[in-house]
Ligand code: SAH
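Take a look at this single chain in structure tokens; it is the form predicted alone.
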Amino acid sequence: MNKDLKDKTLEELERIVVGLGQKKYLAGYLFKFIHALNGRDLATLSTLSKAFRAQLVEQGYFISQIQVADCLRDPDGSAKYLFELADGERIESVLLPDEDRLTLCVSTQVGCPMGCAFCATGKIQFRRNLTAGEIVDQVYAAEASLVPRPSSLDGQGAADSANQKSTLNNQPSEPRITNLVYMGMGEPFQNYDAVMRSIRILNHTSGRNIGIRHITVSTSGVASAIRQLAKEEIRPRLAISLNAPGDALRDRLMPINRKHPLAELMDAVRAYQAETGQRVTFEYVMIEKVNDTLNHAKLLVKLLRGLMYNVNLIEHNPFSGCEFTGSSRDRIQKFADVLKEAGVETTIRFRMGRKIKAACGQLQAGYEPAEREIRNKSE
């Protein structure tokens, strides 16, 4: 059993607390301490009795914490975090500021098993799934790096005192992550349970309270998981990395298409929309003379006909050893014009974070090929 308290929803904490012979409501103090105050040490949570805190520790319960190993900042305002996990593995997350929004792109796996040909992360050997605690802690660690957080030494009381002091001094509130995109390292739907648990934790009103419509999960096209998501009581926005309008080309770019070809994927999207009534975002990485012709645009319109959707066109970002070149902005614009003329809501996503290798498809967490080989031989 995973004894990391940061990995638990409020309901799971309630079961733990009751199972230890304590009152159910105490789980609320514990949840707020961890997820609203970024509490790290059970010994400082004075709203729980000293005896109960000792009991939790004796039972092996703890609050995990990922470490910021490095942070690179791009002149465009974006930042890339290199996080080190308890077992020494590393992941990356990207912070994207945009006017009044602060979006964090979080990772869900160490490495990625999908092997998409245009993505640097796909070249990294898949090592393991992240826990829900490791996913949510990317948010907390990124926020903590923005400004010093108030002390949580006495639990909720300290936060209330800090908030009152800030109000009295007419100081602006500390920056908070407003939007989440599960688009970092890994395929979220191959870590489905942990991803959904992390969303429930981050969305909870007693925690970070990030609105569900401000959370987007991007999948490379795991059709079965799309159908499963449609049945959930809580649903983030859904984005699908498409990148080709036909099976032959998508097979080349995205190996998952051999398992879940376009016909199956589109059937899953139709079932999802019939159940939820929600639109889907299709992401399309623009690769020079591979998937960016006007004919590709016309075929894309035909493929998606009848669905509720919008399209994000994404500039391809280079990385060492990649066989592809990103489309010119002129070709991207002409592709977009075909979609718009067909009535498709289309957005061109220009590069952010490229100078620090934080742009879409560039995350590698420092795993250079030679280093991976050395690590693999030592295991």
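Bear in mind that the values here come from a model prediction, so they are computed numbers and not experimental data. All residue numbers are counted from 1 along the displayed sequence.
Quick note: we don't show the form predicted together with the named molecule, though the next part is all about it.
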Next item on the list: Name the single residue among Tyr29, Phe52, Phe319, Phe62 that comes within 4.5 Å of the named molecule in the predicted bound form, judging by heavy atoms.
Entry: Phe319
Margin query: Exactly one residue in Asn257, Asn191, Thr219, Ser78 has a non-hydrogen atom within 4.5 Å of the named molecule in the predicted bound form; which is it?
Written below: Thr219
Checklist line | Met183, Gly186 and Val285 each touching the named molecule in the predicted bound form (heavy atom, 4.5 Å) | finding: yes
Checklist line | Partner-facing stretch of 111 to 119, 94 to 102, 264 to 272, 199 to 207, counted where any non-hydrogen atom is within 4.5 angstroms of the named molecule in the predicted bound form | finding: 111 to 119
Check: Though only this chain appears here, would Ile314 touch the named molecule in the predicted bound form if you measure heavy atom gaps against 4.5 Å?
Finding: yes
Checklist line | Touches the named molecule in the predicted bound form: Asn243 (any heavy atom, 4.5 Å) | finding: yes
